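Coming up is one lone chain in structure tokens, specifically the form predicted on its own.
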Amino acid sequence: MSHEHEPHQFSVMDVLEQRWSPRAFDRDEVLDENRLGPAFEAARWSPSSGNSQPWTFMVGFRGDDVFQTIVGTMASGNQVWAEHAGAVVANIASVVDAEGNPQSHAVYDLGQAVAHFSVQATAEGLMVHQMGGFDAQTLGRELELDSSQRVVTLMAIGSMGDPAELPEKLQLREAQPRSRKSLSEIVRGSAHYA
């Protein structure tokens, strides 16, 4: 399965090794506010420029209207598996502050909050699959966001399901081993890694 660990040069926390993005979610699992609470708490404590905290999360649980709205704007290749997650979340950045000034760091800060969320969710035994394949403008309108806010990414959240329930093409992708670029490919400057 794709969650097997690739060798790495330095040790990292177990929760970071365990984090991966499945498409097969437990179709019977019921999530609620309490189950997602620790992950949202971790996102809340994420760092941000000037402590602006320019993030908002719109949550839908499988079967409710928010869930259907979010899934309805996904690309069909994401809908086919994400509709079985226990929850879906729209990750929203406030790109303009209360005074009308652009917040150029908002998307970066939202990304940090989502990273904190995903690590805490993994520690809680949940899987998070982030995605960009959706109609952001339509979703923003349907969620009644104002012009200062932008849906940047989506997350599907739940426990691991049976990959055999996925379409054949996705079963193959689910079985591929995880891979990452080497440190020498991503770190430049004074640091030199093999």
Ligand SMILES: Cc1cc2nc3c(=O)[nH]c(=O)nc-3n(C[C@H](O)[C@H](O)[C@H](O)COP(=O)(O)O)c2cc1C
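These numbers come from a predicted model, not from an experiment. Counting begins at 1, following the sequence as shown.
Although it is not shown, the form predicted in complex with this ligand is what the next lines describe.
Chemist: So in the predicted bound form, is this ligand close enough to G125 to count as touching (4.5 Å, heavy atoms)?
Modeler: Residue-level check for G125: no, no contact with this ligand.
Chemist: Considering only heavy atoms, tell me if R180 and this ligand come within 4.5 Å of each other in the predicted bound form.
Modeler: Judged by the heavy-atom cut-off of 4.5 Å, R180 is in contact with this ligand in the predicted bound form.
Chemist: Although the partner isn't part of this model, could you tell me whether F117 comes within 4.5 Å of this ligand in the predicted bound form, counting any heavy atom of the residue?
Modeler: Flag for F117 set to no.
Chemist: Does this ligand get within 4.5 angstroms of any non-hydrogen atom of G50 in the predicted bound form?
Modeler: Contact with this ligand, no.
Chemist: Want to guess which of 28-36, 130-138, 42-50, 65-73 is within 4.5 Å of this ligand in the predicted bound form, heavy atoms only?
Modeler: The contacting stretch here is 130-138.
Chemist: In sequence order, which positions of 30-47 have a non-hydrogen atom within 4.5 Å of this ligand in the predicted bound form?
Modeler: Going through 30-47 in order - heavy atoms within 4.5 Å of this ligand in the predicted bound form - there are no hits.
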